[in-house]
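Take a look at the structure tokens below, where one protein chain is shown in two forms, each on its own, as structure 1 and structure 2.
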Structure 1
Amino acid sequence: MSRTAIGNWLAAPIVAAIATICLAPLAILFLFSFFSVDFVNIVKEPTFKNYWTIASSSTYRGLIAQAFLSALVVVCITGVIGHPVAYFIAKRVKSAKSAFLVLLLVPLYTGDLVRIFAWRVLLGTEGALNTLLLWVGVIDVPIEALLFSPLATHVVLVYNFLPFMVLGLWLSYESLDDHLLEAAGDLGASGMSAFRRVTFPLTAPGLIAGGLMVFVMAVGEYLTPQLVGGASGITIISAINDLFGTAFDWPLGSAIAWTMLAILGFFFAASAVVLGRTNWARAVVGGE
């Protein structure tokens, strides 16, 4: 048997598993998005009604736009914070490099709920931060806006996803040649201009890879807004969630879900095109 044939046989069970557990459900979700609901029965006759509902509802359009905008904000913030951190780990840390990386990842292993719980304890009106500030005498009345606000949601989202951004950027910084920065300096570039014209473009693949991971996770996030966002905590995902639960409109829920997937797919494709032009992506995929 040739190597290729062995490889195909090894891959076959994985392809089968992903197809049945992941792709088949998504396919049936797609099918359902063209059905409709009559009281408690699902009418299995094709219709574009659900997609029309989404397009004509300013609530759904607003929530969808908000999900992507908010994810974009989180990507930008993690990108800005992530650059110095990734640079530091890749270029300044001589020994114990892996310790720095592992330490950054450790909070991730606490699980979604434990992390959100911790932030609730920290930010609540009667919580740790407010009572500490009151006790020390910095403030006289508790700051209520700390928890249950869009700000709280974004702080927690940045906290959740920063390690992924740093990982992506770190890979790029590791393969960045120090001599290029020295050369830029020798040629008279200031620190800022060297960053803008050398470092930033050369680490862009890491930014895109890390950014894509953060983006996907932030778009799909509903627990954090729900549990720390308060009144601002309604997201498109929680709206889909309601349609599957209490509202019992699976077809409309499916249509919104597929609208989200289609927009996400567009972002994946765009990133893949940009990443595909870089050398290391070709090295990973190999064969060309």
Structure 2
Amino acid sequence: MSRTAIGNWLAAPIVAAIATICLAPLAILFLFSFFSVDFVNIVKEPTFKNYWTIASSSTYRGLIAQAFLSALVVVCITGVIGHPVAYFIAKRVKSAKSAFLVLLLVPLYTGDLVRIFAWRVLLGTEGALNTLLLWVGVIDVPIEALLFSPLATHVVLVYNFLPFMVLGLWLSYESLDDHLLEAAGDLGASGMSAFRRVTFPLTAPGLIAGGLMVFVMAVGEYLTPQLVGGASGITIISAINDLFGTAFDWPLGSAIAWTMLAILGFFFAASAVVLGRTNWARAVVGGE
């Protein structure tokens, strides 16, 4: 028996265990999504009632759309901020590159609650930002909209997930050949033109990889909208939590969860197609 075959046999139990741990809960969730609830009892008779409820409810449709739209906004903002940061670390920093990467990841070493409450202290009516604006005379009264608003939610989400976008882009910038940018400059391309026709297409895989990580985490975020979103903190994730908790409607909660997974699966499939087409990014930016 070859070494490859031996390795496959040894790895098979581990792969099977991981697959079981990951897939079994999803399979149970999928099964429950076809059940229904009769007061407090779960009726284990197959039905599409839950999926029809989601499709026919403007509330659930709106919350699902809000979750994905909010995640797209966070991806776009982190992508815009992440490009110059990743470029600086990859191309401008020479000897202290590891230190910059560590500094980038330092916020992730603390818990989510610590970071969120730090932003609450910063954005509150008596927080550091309002105090500074009052001191310099920009405002006369504290700005209450800085906290417990969609703005606060997106600011904290961008702060929390920006390192993941930067890491994805940084890997692409590390593999970007500087001679290509020099050649673009020699051929008369301006900085923005070189970015559109050379840099952006070649770093698109890192943008997509980082964007997928940010997108998935932003869609499933629960704590941030609850703690800094105020009235806007009601999300589809909090609705799922309530259905599994106080409402005791596990089937409907399972159906919503599987609907979210199906939409995320579509985004992953679309991203895989994009990454598989090597000329896609160049065609999008009009390079050829």
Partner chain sequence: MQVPTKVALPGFIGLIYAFMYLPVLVVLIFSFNNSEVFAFPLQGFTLQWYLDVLSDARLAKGFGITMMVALPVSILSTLMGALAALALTRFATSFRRFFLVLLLIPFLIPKAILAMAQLILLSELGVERSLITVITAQTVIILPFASLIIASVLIRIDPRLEEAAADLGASRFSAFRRVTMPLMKNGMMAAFFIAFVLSTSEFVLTSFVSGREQPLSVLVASDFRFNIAPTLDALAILIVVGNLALVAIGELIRLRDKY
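Please note that residue numbering is based on structure 1, beginning with 1 at the start of its sequence. By rigid core we mean the largest C-alpha set that fits within 1.5 Å across both forms. Fair warning: this is a prediction, and the values are worked out from it, not measured in the lab.
Of the two copies shown, the first one, structure 1, is the form predicted together with its partner chain. When the rigid core is held fixed, the Cα atom of A12 travels 2 angstroms or more between structure 1 and structure 2. After superposition on the rigid core, displacement of the C-alpha of A24 between structure 1 and structure 2 stays below 2 Å.
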